[in-house]
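Encoded as structure tokens, the following chain is the form predicted alone, with no partner shown.
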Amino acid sequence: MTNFTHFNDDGRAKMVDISNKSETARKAIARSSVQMNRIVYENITQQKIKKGDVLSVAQVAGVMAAKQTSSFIPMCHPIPISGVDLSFEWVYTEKDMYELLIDAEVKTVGNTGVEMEALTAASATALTVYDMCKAVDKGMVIGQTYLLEKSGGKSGDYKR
């Protein structure tokens, strides 16, 4: 079991000790998406959703989620987040279908990375879009969520 960092010698879960890791600038960018029909797309872009400005509320939800990641991901360290930025891009897919791409960038200066915070932010943003629009159409699909890139730390840089 010693090959796994989150297990102790008895095979039980543990939080990895990061006290000996160097503090460096770290950044992670994750992506998620929400696929929807033209009616939902138009309601969002024309500000017709009754719950309010969908993208603004979803953006705030993503920031809040990044800050709370360690509260519900058991082995995640609570870390000081330097910044969270969420961006959106609309893509017309086919046959009156649209996809909202959601990118979440999280930064810190610390001794552990922010990949989980970026993934959590992207996920919560997509979930919030779904929640705010489900009265219009429950058939929306939350797409794959994945890490686009990370920088800093012992393991070096990664780019998908």
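Just so it is clear, the model here is predicted, and its values are computed rather than measured. The numbering used is simple: start at 1 and walk along the sequence shown.
Just so it is clear, the following notes concern the form predicted together with another copy of the chain, a form of the same protein that is not shown.
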Exercise. Verify the contact flag for Q46: yes if a non-hydrogen atom of it lies within 4.5 Å of a non-hydrogen atom of another copy of the chain in the model of the complex, no if not.
Key: yes
Quiz item: Does another copy of the chain get within 4.5 angstroms of any non-hydrogen atom of R160 in the model of the complex?
Solution: yes
Quiz item: Hey, in the model of the complex, is Y98 touching another copy of the chain, heavy atoms inside 4.5 Å?
Solution: no
Practice problem: Give a yes or no for S22: in the model of the complex, does one of its heavy atoms lie within 4.5 Å of a heavy atom belonging to another copy of the chain? | Solution: no
Exercise. Counting only non-hydrogen atoms and a 4.5 Å cut-off, give the residues of 60-75 close to another copy of the chain in the model of the complex.
Key: V60, A61, V63, M64, A65, K67, Q68, S70, S71, F72, I73, P74, M75
